[in-house]
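Listed next as structure tokens: two forms of one protein chain, kept apart as structure 1 and structure 2.
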Structure 1
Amino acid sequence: MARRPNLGAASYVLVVGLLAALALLILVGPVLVVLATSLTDSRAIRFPPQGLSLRWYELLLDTVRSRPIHRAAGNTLQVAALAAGLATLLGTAAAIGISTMRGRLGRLMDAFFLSPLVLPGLAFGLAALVYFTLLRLRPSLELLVIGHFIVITPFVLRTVGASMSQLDPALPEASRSLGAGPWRTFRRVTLPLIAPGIAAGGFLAFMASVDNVPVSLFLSSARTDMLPIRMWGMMESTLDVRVAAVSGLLILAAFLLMLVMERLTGLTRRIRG
């Protein structure tokens, strides 16, 4: 077959290539801009930064002058650890249960438990505030844990559900036919095989909790301040340059954790699904 003059092919490569390059730039650029900004020596947030220094990191680490930020960070980590722990435990159990359900029922359960992902988080945040207040509960870290737990569990369900669907059913069957009981089969065969999925889900849930705004916006209070909410306050009022330093540390932490999790669990492939 004769090849047509390749104007179409050239325009395809050009257009797709340029747009993809722009997509990469827009994905990576802002992260680098934040890192550069955090090293500025000036009191104003400008780009490019004026002079290089670590002064904003020093101020951020100052236990006296940055105490409210430290407290918010402590609360955030505590809530994330507890909420992610709860989500991993209940989410893994539910994902295993759902994986044995057939057809419509399994799909229905899946859709229900994943619905917080596409539901406006703000509506749930307000609902949780109204609900807890009507139950006469005062704002506390425990309530934040419950609220976060609801919105981060879908991440565990997705990764563990994917691991279960890739599990070769012949392996647990072989274990059973060799005389191992259901519990022993689970612990010695199924669990080791789905462990990377559980770890990846728990990690994503943890990061989602650290990042959460819609629930914390309504459930946190002056005593139970959360880091993203405090950073919002710092951006709204004076545009404190410490926001850049906090951001720099968060980016660095996310990057390092991601490298570790990629090694241990093949994280990015699990997120992609």
Structure 2
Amino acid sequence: MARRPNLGAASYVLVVGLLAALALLILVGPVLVVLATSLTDSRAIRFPPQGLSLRWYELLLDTVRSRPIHRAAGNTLQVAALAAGLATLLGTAAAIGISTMRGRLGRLMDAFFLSPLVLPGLAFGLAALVYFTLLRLRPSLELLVIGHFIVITPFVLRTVGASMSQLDPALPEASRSLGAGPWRTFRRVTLPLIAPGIAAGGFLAFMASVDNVPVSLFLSSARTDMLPIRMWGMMESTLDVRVAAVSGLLILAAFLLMLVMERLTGLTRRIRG
């Protein structure tokens, strides 16, 4: 009788372990395949690679032969930085404002600001294109910034809102009771406590903008080429191995940035709220 609980516990651990290993394989497997493919020495995207070489990374870093890719990457980083900056500023203000609301109004405003996460990206991209066309505005970096800003603001709202929910209300009240005004209370008490949530939200917003395809697909043009669209075109036309090299650099950069943000802000805890 004493062996059955032990056998059941062992079976449970085995099943959970196998499911976790399967999930890890599904999540990490494609990343490893892309990294291995980017190191091939052949002229075609092939897995497993026949030989290992850094030739495609060298070609990717060549400012002459990879100029279109560099231009698209520069546009992508510029749009992501501007959109993430705006999203961090306004998303933080919205999260602080929503945290002071109670009842149905607070829930309604929270749902309103989080609605871009529910709306399909392609539907929003098409709607944005039609709307800006009706306003007689042509695709530009400014329109891309606006479009990205709308869809990435919920990431900031989520993390800052989680930080505000963990803030002890007695601290701002104590500051005000000691004679500090609203701005001084925010600057000296509230802002330092929610700063990790703001940083985590800004990081997530930046990464979401870099990776955004639907908005970039509808609002970009030949002059405002974005890196995801450039990579898609390279895959459709020539199956250029530099696509795998670009993916490898993006994976490495994202991994390093995640480690830094986890170290500085506790990114995982901020996402969970």
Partner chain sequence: MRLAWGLVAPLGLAYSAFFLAPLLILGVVSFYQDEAMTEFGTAQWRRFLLDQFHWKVIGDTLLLGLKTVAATLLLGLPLALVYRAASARWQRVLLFIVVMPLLTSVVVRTFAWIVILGREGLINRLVLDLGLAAEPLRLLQTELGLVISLTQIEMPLLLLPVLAVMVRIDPNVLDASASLGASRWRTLFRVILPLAAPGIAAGCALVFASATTAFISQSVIGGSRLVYLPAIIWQQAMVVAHWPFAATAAISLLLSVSAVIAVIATAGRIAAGRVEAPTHG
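For clarity, every value in this text was computed on a predicted model and none was experimentally measured. Numbers follow structure 1, counted from its first residue as 1. Think of the rigid core as the biggest set of C-alphas that the two forms share within 1.5 Å after superposition.
S.K.: Only one of these is the form predicted together with the partner chain, so let me know which.
M.R.: If we ask which form is the one predicted together with the partner chain, the answer is structure 1.
S.K.: Does the distance between the two CA positions of residue 25 reach 2 Å or more between structures 1 and 2, the core being superposed?
M.R.: Moves: no, less than 2 Å.
S.K.: When you overlay the rigid core, is the Cα of residue 14 off by 2 Å or more between structures 1 and 2?
M.R.: Shift of 2 Å or more: yes.
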